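Next up is one chain by itself, shown in structure tokens, the form predicted on its own.
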């Protein structure tokens, strides 16, 4: 069976697209699912992140940059679909780019990370509109907003409620809050699964992974084991 394709996109930079892509991909890979992350951002953040990992404890999923191919990456993704269970596409922060449109047309599910702040709420409208138009070409596409870098407070609560009012492209109940563990995982070229004391962040990532698998009708596989680096830190 060809891989399930997940596109992570939004026109606004800094909303957590790469964070969601990297944490989700790692979680899928640690469950034993053959996972490829396709880096479509010319800044190459996903590729650089994965490159920070050591030989003894590398980033769990495969990472490949296809940014120079732009929309022509579709044929390259197709070549890898038979050899993977999941392909996650990390899109650049530009709706006017042809890349998000191309990715949406071959995806099973699309995730729009949104920080629950008004500028993000406003910016997400264009991403949502692009997803709605993509349904004409890809009628089975599922699209959801994912709360990203959220915190407690009245503003975050009010903006979350605004996002929840959209029933056509709903806001998932689970997302990634603002935690130091996410930034630390970048330093080691890992996911939060490799960061000691990151149980709360791991729980969030695992919950998001469970939701994505459920939406796609994929049986939820076993939870990931702790990485070597986390075990070494706990033993120290």
Ligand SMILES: Nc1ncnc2c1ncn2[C@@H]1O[C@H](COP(=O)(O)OP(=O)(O)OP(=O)(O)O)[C@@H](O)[C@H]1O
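Numbering follows the first chain given and starts at 1. As the structure is a computational prediction, the values presented were derived from the model and not from experiment.
Keep in mind the form predicted in complex with this ligand is missing from the figure; the text below concerns it.
Contact annotation for residue 177: at least one heavy atom lies within 4.5 Å of this ligand in the model of the complex. This ligand in the model of the complex comes within 4.5 Å of a heavy atom belonging to residue 149. Not displayed here, this ligand is approached by residue 182 to within 4.5 Å at the level of heavy atoms in the model of the complex. Interface membership of residue 43, defined by any non-hydrogen atom within 4.5 Å of this ligand in the model of the complex, is confirmed. Proximity to this ligand in the model of the complex holds for none of 105, 142 and 170, with the criterion being a heavy atom within 4.5 Å. Exactly one of the stretches 182-190, 207-215, 27-35, 62-70 approaches this ligand in the model of the complex with heavy atoms within 4.5 Å, and it is 182-190. Along 15-39, residues 15, 16, 17, 18, 19 each place a heavy atom within 4.5 Å of this ligand in the model of the complex.
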